[in-house]
Ligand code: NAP
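The chain below stands alone and is given in structure tokens; this is the form predicted on its own.
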């Protein structure tokens, strides 16, 4: 270990009991020889401001941000950088020169998984994004910059969907199309899609039988179906896609890649993907075996 005082890192969200981030980051610190410890903190929305002040007071090394705080945390930070500056969604907070800076590693993390595990380049593809929350925003802005042929935003809240479309157009010049889950046009969109991504929490443990109402049966045989949910490893959405013979991409790869990127922002060092992925995959397999 480096001969420096141990630094505290953490995860702010609600709920956080299911999160694998502490396992990931503590193993990353061990592999890199970083004298740090990473803990999860269940933070209610009303407690978020105090929690951010604790990052300053405790001189924490950094924190990750998850549901429901990715957008709510922005007013409590000193500035945004990188993807977070475009999206207004933060998943990583980094202390820099006495200031707290918000970043987002979600979009880049997903693209690394898409390329290395899904074997797909997004340029020229027709992409359907299910959900318009914080993670969906991060992906939408990345796709807008990657030269996709079309981007369809499917959400339950028309105002939120329209807001994301407007932000994309204003900040990147990219025009996405917004739809609801009940629109007849969704059938045609599904039939033409090259990539469909569940960016909602539907299907997350313990509600493992839930899934977004999307017509996977009309997708063409090469359409890649991805899910950002990683617990369970095979969500009901991915299970349906596999039964239909469609290629799939699990959410665990994105989790590992976005965690690696966060660790690099905090420490300047890049932990290796393979051992971290194997560790978390094994932990999830044990959890799922225990729950039957």
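Numbering follows the first chain given and starts at 1. Computed from a predicted structure; not experimentally measured.
Here the subject shifts to the form predicted together with the named molecule, a form of this protein not shown in this document.
In terms of contact with the named molecule in the predicted complex, the residue from 254, 226, 65, 262 that brings a heavy atom within 4.5 Å is 254. Residues of just one listed stretch (152 to 160, 170 to 178, 214 to 222, 96 to 104) have heavy atoms within 4.5 Å of the named molecule in the predicted complex: 152 to 160.
The named molecule is not drawn, but in the predicted complex it has a heavy atom within 4.5 Å of residue 201. Mapping the unseen interface onto this chain, residue 84 falls outside it, with no heavy atom inside 4.5 Å of the named molecule in the predicted complex. Within 4.5 Å of some heavy atom of the named molecule in the predicted complex lies at least one heavy atom of residue 133. Using a 4.5 Å cutoff between non-hydrogen atoms, residue 230 counts as a contact of the named molecule in the predicted complex.
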